[in-house]
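Just the one chain here, laid out as structure tokens, in the form predicted alone.
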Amino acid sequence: MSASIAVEHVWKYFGDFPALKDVSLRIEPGSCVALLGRNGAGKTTLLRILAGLSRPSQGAVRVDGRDSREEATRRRVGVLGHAIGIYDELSAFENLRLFGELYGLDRPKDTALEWLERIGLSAVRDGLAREFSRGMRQRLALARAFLHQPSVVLFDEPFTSLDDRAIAVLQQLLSEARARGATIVMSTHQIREAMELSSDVALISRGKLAHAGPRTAEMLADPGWLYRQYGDGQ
């Protein structure tokens, strides 16, 4: 079986600074990978490259066998990052319809309405996103990330700023995505929660891949075990 995500000798420079140093990683279909590391380790940089939002300085990334920056590939990926990624001047319905069209869905209007019902925003479908509460905007962003049933889902600190209702929605969507065989990569500092959700773990340390492999009983029982075992060295 081919890898869902294949990272091959990736380097990423910002000026003369190497944010990623010769990272190679293979992620199997259906895996849920906890991407761990200290602040500034390179996690967000790697996720942006996986999402096709940034180009590696050297090396290659393939998602479902295709270059990560191809339009067809990006349509298969769902992303939820630090920024919510919705248009403030559009209504909730207009946001989801627009993204449905961008993803090439057959029925973008119907899909938008279905997702608004699912996330509890049907009553305010015509309200502008900028007028929504933080929690409402978060739920709209979750719908945006999942409405096209992506085969690969990428999260950058997904639980950090979500309210309780949005967390419940996210957990349900993650469960459904795993059930249909989607591949999930989740960068987070909430190690205990990540260990409970993940099948595999990758540790980035100062731009290098320090460890990658299945989540073990030791990691689940003691969230600090991984850092002690593999350290924070180069």
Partner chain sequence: MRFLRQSWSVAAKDLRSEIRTKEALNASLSFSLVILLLFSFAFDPAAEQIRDFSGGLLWMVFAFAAALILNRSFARELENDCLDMLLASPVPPAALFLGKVSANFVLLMAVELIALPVFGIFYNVNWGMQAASLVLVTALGTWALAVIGTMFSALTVNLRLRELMLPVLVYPMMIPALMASIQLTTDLIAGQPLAGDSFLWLRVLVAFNVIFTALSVVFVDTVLLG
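Positions refer to the first chain, counted from 1. Values in this document were obtained by computation on a predicted structure and should not be read as measured data.
This protein has a second form, the form predicted in complex with its partner chain, left out of what is shown; the following refers to that one.
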> Of 117, 101, 110, 163, which one comes within 4.5 Å of its partner chain in the predicted bound form, counting heavy atoms only?
Replying inline: 101
>> So, residue 123 and its partner chain: in the predicted bound form, are they within 4.5 Å at any heavy atom pair?
In response: no
>> Can you tell me if residue 60 lies within 4.5 angstroms of its partner chain in the predicted bound form, counting non-hydrogen atoms only?
In response: no
> Is residue 66 close enough to touch its partner chain in the predicted bound form, meaning at least one heavy atom pair within 4.5 Å?
Replying inline: no
>> Is residue 157 near its partner chain? Define near as a heavy atom within 4.5 Å, in the predicted bound form.
In response: no
>> Could you pull out the residues of 39-77 that have any heavy atom within 4.5 Å of its partner chain in the predicted bound form?
In response: 48, 51, 52, 53, 54, 55, 69, 71, 74, 75
